[in-house]
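Just one chain is shown here, as structure tokens, and it is the form predicted alone.
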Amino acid sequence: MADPMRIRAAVRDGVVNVKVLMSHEMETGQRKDAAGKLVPAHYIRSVSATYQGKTVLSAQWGPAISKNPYLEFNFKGGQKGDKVIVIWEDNKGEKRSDEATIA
């Protein structure tokens, strides 16, 4: 399984700002290794974030996203002390889910 995501969430004036750093190789399938063979594609294809069971972010990604992607987004209505859950799934079926407490 991939390394944990680093997530920070903070509320200000009723708006929650979430910053996420994901650990993932994000291989496009177009790069060649030292032997000249193509490295198979391996990238995050979907990312979602939930707050109190409601989806506050849903994204579809492809191989053009950089290695160890950084994502920042905002949503309204979050409260200090509540949890935000971020989930990604890649093209090989691997999944990662982590949560952060809103500060």
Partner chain sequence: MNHSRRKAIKTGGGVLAMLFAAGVIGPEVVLAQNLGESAFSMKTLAEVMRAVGAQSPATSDAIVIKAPSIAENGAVVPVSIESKLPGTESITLLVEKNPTPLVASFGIPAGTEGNISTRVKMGQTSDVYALVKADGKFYMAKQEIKITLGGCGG
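This one's a predicted model, so the numbers in the text were calculated from it and none came from an experiment. Residue numbers count along the first chain shown, from 1.
From this point on, the text means the form predicted in complex with the partner chain, which you will not see here.
For the three marked residues, V15, Q30 and Q60, a heavy atom of each sits within 4.5 Å of the partner chain in the model of the complex. Looking at N68, you'd find a heavy atom of it within 4.5 angstroms of the partner chain in the model of the complex. Using a 4.5 angstroms threshold between heavy atoms, A10 stays clear of the partner chain in the model of the complex.
When the partner chain is considered in the model of the complex, L21 lines it closely, a heavy atom lying within 4.5 Å. For the chain shown alone, Q52 is not a contact residue for the partner chain in the model of the complex, no non-hydrogen atom being within 4.5 angstroms.
For the partner-free chain shown, Y70, L71, E72, F73, N74, F75, K76 of 70-93 come within 4.5 angstroms of the partner chain in the model of the complex, judged by any non-hydrogen atom.
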